[in-house]
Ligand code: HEM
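Have a look below at one chain only, the form predicted alone, in structure tokens format.
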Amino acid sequence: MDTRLPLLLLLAGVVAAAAPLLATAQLSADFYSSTCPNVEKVVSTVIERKFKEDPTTSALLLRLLFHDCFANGCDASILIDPLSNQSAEKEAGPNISVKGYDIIDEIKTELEKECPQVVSCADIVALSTRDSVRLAGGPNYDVPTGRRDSLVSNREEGDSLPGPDIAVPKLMAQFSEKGFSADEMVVLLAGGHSIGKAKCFFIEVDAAPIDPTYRSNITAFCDGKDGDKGAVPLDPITPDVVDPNYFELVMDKKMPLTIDRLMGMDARTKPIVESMGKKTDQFDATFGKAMTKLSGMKVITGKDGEIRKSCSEFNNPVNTDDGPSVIRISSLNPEEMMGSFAPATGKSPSAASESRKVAPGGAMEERMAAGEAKTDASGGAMAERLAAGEAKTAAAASEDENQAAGDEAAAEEEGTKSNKKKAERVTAEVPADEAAPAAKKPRAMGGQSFSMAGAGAGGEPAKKSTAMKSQSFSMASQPQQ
């Protein structure tokens, strides 16, 4: 099995009914009141400075949080660095382009000065994401604390994240196991995909119905000088602001990612998108509540896990040779922690897609594209191209045609043709210097027991955009950062 799978989408979304995976009741709003009373001040100070330097910090941290929590709970397992002979969750295909680790490390360093080995890395990830969402104009939602850090970092868990071309039914089935409703999935996707960028490499304009003018503009941009390396804003109106623009853009079929366009077609999600689009004044409350729930997924509390001294490594790792993951001894059944893992295999990179029609899908790169450290020229160029080429072309397909296209996309994903495409995407994703076959990496075990555009100056929250009515996608009057 090739562990360098395509990068998967941030999908800040999640769906229906497995309450046992959530543990927010074990967390507390005043957990550090006596042991580290300034924890939130330390976190917010660093995040405000980082956001001031780079507004894409919010999208970056949203993606980091989702990739950590959705893999196996909000336990900071994604932060562990792999060793030369030991793999870790950070090395999973979906996590290769995840960024923001340096921000978490900086906060941890400051907290260790003030209250050594008290605040967990898992809590730092949750708190810093909350603060960055607020600075990007989103809600200041509740984040109770008390999480502990994992003793396991499993590469394979990171490989299970959903991709941007996944069919809606499969997406709902996957997220249902995580304990979220369809409404929560939609609003999390809406908030998570209101900021950040999508690399052209992962855009498939013919995978689902798309607005003709938007299709023409996005194709022209992605066939330009930057090619598949170009990045397209998920929301060109307010690319760095957490707002409800998503709903109208989805219904107008003016989103770059296949899954977002399918959300406005599928009979199960279309009514939710339409309903939320009519109640944009409720977006902050709904999104905030869902983010609180996401941040509490399958957390480790009490005496389990550990409080790491450094977020990128376990406190007392011990090398072993019985598996590919970085882990530590724990009170869990060894069979639960040490399953059999297929060795990694590398493949040489393949040529980039020659056309947007057959452009690789597979995974979202920056939080769904949010990982760009700076709002680069390609994002601005895309917005300008969209603005310059905007026309009110209507050509909407009939509802039956939309549903048929969605069904066809779902069928393709399960077919061998889709499997072949994804295999090609894998080879295109692996850098040349990493293409050599990888040897199976052993686990490491510990020696102890298991005991989501710009904000105002000065870190002020970003100004919220007004709800769109019949306006076109580009809205040339909106500046790009």
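This one's a predicted model, so the numbers in the text were calculated from it and none came from an experiment. Numbers for residues come from their place in the sequence shown, where the first is 1.
As for the form predicted together with protoporphyrin IX containing FE (HEM), it is not shown, yet the points below apply to it.
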**Request:** Identify which of Ser97, Thr286, Asn72, Thr213 has a heavy atom within 4.5 Å of protoporphyrin IX containing FE (HEM) in the model of the complex; exactly one of them does.
**Result:** Ser97
**Heavy atom within 4.5 Å of protoporphyrin IX containing FE (HEM) in the model of the complex - the one residue of Ile124, Ala92, Leu79, Ile259 that qualifies** = Ile259
**Item:** protoporphyrin IX containing FE (HEM) contact in the model of the complex: Pro164, any heavy atom under 4.5 Å
**Value:** yes
**Item:** Distance check, Lys199 to protoporphyrin IX containing FE (HEM) in the model of the complex, heavy atom within 4.5 Å
**Value:** yes
**Prompt:** With a 4.5 Å heavy atom cut-off, would you call Leu171 a contact of protoporphyrin IX containing FE (HEM) in the model of the complex?
**Reply:** yes
**Prompt:** Hey, in the model of the complex, does Ala136 get a heavy atom within 4.5 angstroms of protoporphyrin IX containing FE (HEM)?
**Reply:** no
**Prompt:** Heavy atoms within 4.5 Å of protoporphyrin IX containing FE (HEM) in the model of the complex: which stretch among 277-285, 298-306, 151-159, 199-207?
**Reply:** 199-207
**Heavy atom contacts to protoporphyrin IX containing FE (HEM) in the model of the complex at 4.5 Å, residues of 173-202 in sequence order** = Phe175, Leu188, Leu189, Gly192, His193, Ile195, Gly196, Lys197, Ala198, Lys199, Phe202
